[in-house]
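As a starting point, one isolated chain is supplied in structure tokens, in the form predicted on its own.
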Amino acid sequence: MEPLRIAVVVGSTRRGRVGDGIGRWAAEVVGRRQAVEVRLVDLVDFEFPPSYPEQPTPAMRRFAAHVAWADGFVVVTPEYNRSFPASLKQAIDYAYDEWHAKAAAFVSYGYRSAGVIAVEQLRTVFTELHVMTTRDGVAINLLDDGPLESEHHRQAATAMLDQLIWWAAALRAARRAHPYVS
């Protein structure tokens, strides 16, 4: 069977962020799954323009190519001021058709709310892009959740990935059987 292709998208570009470490952890967890190919897509590695240009830049095209490549996504997002970062929204908007009929799951982090408010806002964005989002995710409270390899995070990641892999496989089969019409 052809492996499912899962992109782990790290959504924060702030200096001093913890998202890069959480993104690497998420990619390692995804990579432990059978028949899955994982790609880490860190937004800090892209030089996006400050405003939307008339023509896509090479960085925009490269990001959209990662989205097109993937069958599913794990979006790693912080919660800044009760929302997800502008860098993530900007990147999401650089692709459109490439997102359609795929699956996404979320690993969020923050203080107190552990990023769940940002995730709920992202669900709305991804619904508009015809992306199926998983019910379960990983929510990391930076104040007191302990290490990423804790039993709590392992169980949350297992549930999230079980759902993501099921939806990604089902949607890939559906896209191959019938082109998606938006």
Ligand SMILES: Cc1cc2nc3c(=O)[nH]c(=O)nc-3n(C[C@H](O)[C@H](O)[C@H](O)COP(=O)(O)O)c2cc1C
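Being a predicted model, the structure only gives us computed values, none of them experimental. Each residue number is its position in the shown sequence, starting from 1.
As for the form predicted in complex with the named molecule, it is not shown, yet the points below apply to it.
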property: Selected contact from 57, 127, 113, 155, since only one has a non-hydrogen atom within 4.5 angstroms of the named molecule in the predicted bound form; result: 113
property: Residue contact check: residue 172 to the named molecule in the predicted bound form, 4.5 Å heavy atom; result: no
property: Heavy atom of residue 65 within 4.5 Å of the named molecule in the predicted bound form; result: no
property: Distance check, residue 96 to the named molecule in the predicted bound form, heavy atom within 4.5 Å; result: no
property: In the predicted bound form, residue 72 touching the named molecule (heavy atom, 4.5 Å); result: no
property: Members of 133-149 lying within 4.5 angstroms of the named molecule, judged by heavy atom, in the predicted bound form; result: 142
